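Presented below, as structure tokens, is a lone chain in the form predicted on its own.
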């Protein structure tokens, strides 16, 4: 729901209302490269996020799953494409695209859908989706990004950059964890530091559980995203080195 929640007067939501560090939009990320820009998920704050970065056009969006907080910006983006007389391009596995067609049957007037079930090459990046358990909500998709080696010979002790984006997952099986090994960066969703709700009612890791996962897959750097008002980033959670909560508008250089 983002932070602050409209109905809530908790300490975190009140701090967020004063323009504090806890103000958070629905989770999204923008991959920028020499080949262009690829937005990962297009939530209800899409327009606000575009204004924040003073961007007027967007050509390409990669979708993890068809839940409101990840796709609600698509109609507004499609309308912007209509006014700009251009087509937008949406990349997602076939089942996600099928759900989008049911929810928003008019979007393909302006948006071109691309089935990336078998993977996608985006400039220097090879992108591979895989299904991950989303608790009571069924499943979503995570994406692994492997930078392709270019014509420049790599140093003996170096290799292409690797990262994964996994905002909505919990209780991953060994098979679902496999793409998380060997990463330079993992972006993973954690709704709370420690969530007290019954496990059967939940759909996203908390930080305590995610830290157990990290100890197993051992990425070099981790960012926690998809955080509810159950996380106060002004507090010290004593996270290990290389593990940090994401903040609105933060930027990283990959490589």
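Since the model is a prediction, treat every value here as computed from it, not as a measurement. Numbering follows the first chain given and starts at 1.
A second form of this protein, the form predicted together with a small molecule, is not displayed here; the remarks below concern that form.
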**Request:** Go through 176, 128, 137, 171 and name the one with a heavy atom inside 4.5 Å of the small molecule in the predicted bound form.
**Result:** 137
**Item:** the small molecule: the contacting residue among 49, 28, 203, 222 in the predicted bound form [heavy atom, 4.5 Å]
**Value:** 203
**Request:** Answer with yes or no whether residue 8 is in contact with the small molecule in the predicted bound form, where contact means some heavy atom within 4.5 Å.
**Result:** no
**Asked** Looking in the predicted bound form, any heavy atom of residue 199 within 4.5 Å of the small molecule?
**Response** no
**Message:** Even though the partner isn't displayed, in the predicted bound form is residue 229 close enough to the small molecule, meaning a heavy atom within 4.5 Å?
**Reply:** no
**Asked** Using 4.5 Å between non-hydrogen atoms, is residue 254 touching the small molecule in the predicted bound form?
**Response** no
**Complete:** Exactly one listed stretch (207-215, 31-39, 182-190, 60-68) reaches within 4.5 angstroms of the small molecule in the predicted bound form by non-hydrogen atoms, and it is 60-68
